[in-house]
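This document starts with one chain, in the form predicted on its own, laid out as structure tokens.
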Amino acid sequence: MSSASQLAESRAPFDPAAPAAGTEETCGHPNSVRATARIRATYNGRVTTLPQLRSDGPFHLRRMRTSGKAARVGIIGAMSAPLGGDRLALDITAEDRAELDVTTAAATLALRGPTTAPATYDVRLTAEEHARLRWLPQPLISAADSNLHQTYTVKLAASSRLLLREEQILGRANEKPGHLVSRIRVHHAGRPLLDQHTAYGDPAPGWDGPAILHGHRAVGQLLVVAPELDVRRAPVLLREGTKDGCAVLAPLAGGPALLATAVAPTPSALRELLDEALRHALGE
């Protein structure tokens, strides 16, 4: 595994005044990064162990202290990423009966790169029978002039449990967001459970209108999947008519799953909404 300083030196400095070459739209740029980090958790009959913890590129993986039989991994950014043209992926698997929590040490900042080609950030999550997987990263920030396509591909066994939180901040303080495209695809017991596509920032049409964000700059989702969930419930609308944003919690057809979607003016207000939605989902 390379050290963080070595990884940081592997990308040449980016000159924002330099023109982007049109021929790099599909083939990338010499300074673009291609990296795939892998986490695999197994249960040995007593606790969850991590036989595979492979750092790569900007992803520096660290075991974190935890109590009980779960394992916890923190992802530390070892360089600025994603930038335009980067191809980044995380492959995370919780095998039978394993309990795995994954988080990030800081927010992920999508920036303009040396090419106008989009960066891609693929997160692949797999939970096998009786496994529990919690993906709880810090927010993703779409900075001005960035271009990022993010995908979640989730495969869940029938008896597995998942908690997935996604938080997106559209632009830093007093700046417009870049272009952010996100897709979440979830299969449960071999059948489609969720396939959702969103796009924010120019040139996406209508993304800031009253029917979508209505001027808010923080948007997020919380997906809870568990065999014991009570999904025979009506959708719940949280904080309707307030300036601090709102959220809706609704059951998904085809599986024991609840999805919360929230919009808010600030990251802290968004987190509060998603935490409130989680308490409702768990009946607390």
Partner chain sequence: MSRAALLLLADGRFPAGGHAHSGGVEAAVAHKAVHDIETLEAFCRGRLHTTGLTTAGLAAATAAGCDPLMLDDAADARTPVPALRAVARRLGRQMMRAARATFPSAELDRLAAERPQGAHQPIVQGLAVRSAGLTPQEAASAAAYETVGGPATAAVRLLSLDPLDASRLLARLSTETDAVAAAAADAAARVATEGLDALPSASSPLLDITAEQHAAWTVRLFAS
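Residue numbers count along the first chain shown, from 1. The structure presented is a predicted model; accordingly, all values stated were derived computationally and were not measured.
Form predicted in complex with its partner chain: not shown, discussed below.
S.K.: Taking its partner chain as it sits in the predicted complex, is V225 near enough to touch it, meaning that at least one heavy atom pair lies within 4.5 angstroms?
M.R.: No.
S.K.: Taking heavy atoms only, is G45 within 4.5 angstroms of its partner chain in the predicted complex?
M.R.: No, G45 sits far enough from its partner chain in the predicted complex that none of its heavy atoms falls within 4.5 Å.
S.K.: According to a 4.5 angstroms non-hydrogen atom cut-off, is A211 in contact with its partner chain in the predicted complex?
M.R.: Yes.
S.K.: Considering non-hydrogen atoms and a 4.5 Å limit, does its partner chain approach T198 in the predicted complex?
M.R.: The answer is yes: T198 has a heavy atom within 4.5 Å of its partner chain.
S.K.: Only one of these stretches, 78-86, 114-122, 183-191, 91-99, has heavy atoms within 4.5 Å of its partner chain in the predicted complex; which one is it?
M.R.: Answer to the contact question: 183-191.
S.K.: So which of M64, L50, A70, A250 gets a non-hydrogen atom within 4.5 Å of its partner chain in the predicted complex?
M.R.: If I apply the 4.5 Å criterion carefully, the residue I get is A250.
S.K.: Whether T126, A131 and A157 jointly form a contact site for its partner chain in the predicted complex is the question; each needs a heavy atom within 4.5 Å.
M.R.: No: no residue has a heavy atom within 4.5 Å of the partner.
S.K.: In the predicted complex, which residues of 43-66 put a heavy atom within 4.5 Å of its partner chain?
M.R.: Stretch hits: zero.
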